[in-house]
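Below you will find one chain, with nothing else, as structure tokens; this is the form predicted alone, and questions on how it binds or moves follow later.
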Amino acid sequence: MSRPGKTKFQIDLRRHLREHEVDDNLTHLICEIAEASKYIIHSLRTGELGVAGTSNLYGEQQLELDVLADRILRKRLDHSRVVANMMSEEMDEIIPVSPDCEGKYSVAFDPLDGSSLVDVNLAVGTIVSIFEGCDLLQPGRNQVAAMYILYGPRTTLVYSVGSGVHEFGMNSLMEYTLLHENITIEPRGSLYSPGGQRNLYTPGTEAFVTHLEERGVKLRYSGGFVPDINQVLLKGQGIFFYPHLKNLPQGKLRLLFEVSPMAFLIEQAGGAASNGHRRILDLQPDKIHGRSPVFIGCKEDVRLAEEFIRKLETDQTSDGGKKRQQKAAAS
């Protein structure tokens, strides 16, 4: 297994960004998001865990922590002076910040992914996608940066600006210092994290899971997207998937806020991310809150998932295709 490279010296986040010659405004933006996370941590430790009495645009009840984390990030981004537009998973429209796009960035974020896990004390996180200029509805390959912050037993921050993936940990002074640089993922893994109800899997996904089980791959699933992706990156192997389901053909996860930034990070570490047919980073968002199935992690495992889906689900008109589907469904 490939291990992340460790650093011998304490290098903080801002210094690391500057050493990698990241644009000053982008450096400032990433550091502002890191600062916002400190207030989110405080809210997680001391805030109310109840329902806020409001619903988001998906009809899901918002927790007080969802609303608070969203407010913290939006306020920080609004006052950063380097943001043109921002979009929160908790909102139903793009929030304009500045009419001037020159030298500024547009940010999409999920302020507290997995917030329903907070009351049982499981890990949750913040996911951020950053584009240059004013346009947020772009393919993920156009991201100039992506990052997440994991609030678990330790608070860690993982980012990429297109030149590798790096992990930082929050120290006792609440400063982010470098833990691992240039994290890489092996081509094939021995862990899998499956989202969605298995009885709703389509034939290709069901056959893929059966293959993984027969290969001895171990199921390791937390129920949170951020900790499960963090597991793949820090273990250096594995695959996470939340596939298309019989009742959810587009899956559950949002392309702009969740899937696309994680795909950027995983690809930067040498992995792959697919919707079962195409590379995630090539997908053009058709709306702000559009969803996408996702298979993300080790390259060979993602390719294998695509192969099962192509063989068992693409050719549905031929007798051979129907027989394969029936066999997969019965297995």
Ligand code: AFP
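The first residue of the sequence shown is number 1, and the count goes up from there. Note that the coordinates shown come from a computational prediction; the quantities given were computed from them, not determined experimentally.
Not on display, but discussed next: the form predicted together with the named molecule.
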The stretch from 248-256, 156-164, 135-143, 175-183 that lies within 4.5 Å of the named molecule in the predicted bound form, judged by heavy atoms, is 248-256
Is Y242 a contact residue for the named molecule in the predicted bound form, using a 4.5 Å heavy atom cut-off? yes
- Query: Is the gap between S116 and the named molecule in the predicted bound form 4.5 Å or less for some heavy atom pair?
  - Reply: yes
- Query: Though only this chain appears here, would G223 touch the named molecule in the predicted bound form if you measure heavy atom gaps against 4.5 Å?
  - Reply: yes
| said: Is it the case that G196, even though its partner is missing from this view, gets within 4.5 Å of the named molecule in the predicted bound form, heavy atoms only? | reply: yes
